[in-house]
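In the block that follows, a single chain appears as structure tokens, in the form predicted alone.
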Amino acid sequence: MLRRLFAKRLLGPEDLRPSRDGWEVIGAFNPGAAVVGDEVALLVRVAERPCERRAGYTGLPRWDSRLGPIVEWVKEEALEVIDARMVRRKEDGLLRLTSLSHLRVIRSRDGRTVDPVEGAWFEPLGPWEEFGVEDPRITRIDGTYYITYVAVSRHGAATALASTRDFDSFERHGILFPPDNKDVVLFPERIGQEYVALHRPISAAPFTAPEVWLARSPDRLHWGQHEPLTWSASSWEADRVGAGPPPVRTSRGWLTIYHGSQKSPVPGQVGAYSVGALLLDLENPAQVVGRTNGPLLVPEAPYDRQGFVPDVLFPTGLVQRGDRVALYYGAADTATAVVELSLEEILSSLN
């Protein structure tokens, strides 16, 4: 386990106003992070749900292209609770989320505190984002910030692309990876004249343990040459794995922070999410040349262990300053937190 040189809960639901009357913020977490000028911009996932409660019913929110957020009230007896985040309709076996997410810009002058004034909002738009937009990652390429994010709809969880130069306005570029695919991050430079991304295809048929794949593109929009990264999963990452923030170039290879979760022995509960690291070859990033023997970080702070989904440490943003890296993450699917680590200690932990 690595030393935490600095650690802090930066932002929680209580710090943000709801988007509309009659709604409540239940999460401000899983932030993308980028250096913009002399400050850090965080693009935070904000999860909301209706305040209203109806006896015997569950409110299922979704985004309507004409009306904005609306709520469908379904009898509890018609639903099966999967975990704190979703339910399954008994009549057809399909899933629905119990909250609706959008993204908000939060700025930080020093990377350790957040400014009280909220910035721009990035709300769902169109049928592919009907159930919300989630979990952004930010990569700066040639002066533009590219944002990969999860677009959730009745068709599944796809990954879409947006871009910005100032975090005041955004341009959408559409779906990159169709459902079900999440945790997509772009490398910050071309490799062999091609753009490279890590992604996480999710199969309903468990032919294999959880995997992270690599893909290449000539233009950031059309992706192919897919191949899986290969490493032997440990028990702490046996349930899910996925890329964290975008990879960082080092002299030894591409440092790739990722999350892994263990299987929970309790039905309906989510296993603990921890943080690991891979080192990928600089010229052929599909080749794993180093990894940590165990997790770098596990949920241990009170805000990691207690929240909407307990024991979750979900890394999504990274800012490097000299030998220190600030890792921004979602804590317990509730809050945004930061932990500062030594880059040299991370690299020394890789075998």
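Note that the structure is predicted; figures quoted are calculated from it, not measured. Numbering starts at 1 and runs along the sequence shown.
The same protein also has a form predicted in complex with alpha-D-mannopyranose, omitted here; what follows describes it.
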Just one of 297, 312, 28, 33 has a heavy atom within 4.5 angstroms of alpha-D-mannopyranose in the predicted bound form, so which one?
-> 312
Name the single residue among 249, 140, 85, 155 that comes within 4.5 Å of alpha-D-mannopyranose in the predicted bound form, judging by heavy atoms.
-> 85
Work out which of the listed stretches, 36-44, 280-288, 304-312, 317-325, brings a heavy atom within 4.5 angstroms of alpha-D-mannopyranose in the predicted bound form.
-> 304-312
Should residue 149 be counted as a contact of alpha-D-mannopyranose in the predicted bound form, where contact means heavy atoms within 4.5 Å?
-> no
Does residue 135 reach alpha-D-mannopyranose in the predicted bound form if we count a contact as any heavy atom within 4.5 Å?
-> yes
Is there any non-hydrogen atom of residue 333 lying within 4.5 Å of alpha-D-mannopyranose in the predicted bound form?
-> yes
Residues of stretch 271-295 in contact with alpha-D-mannopyranose in the predicted bound form (4.5 Å, non-hydrogen atom) = 273
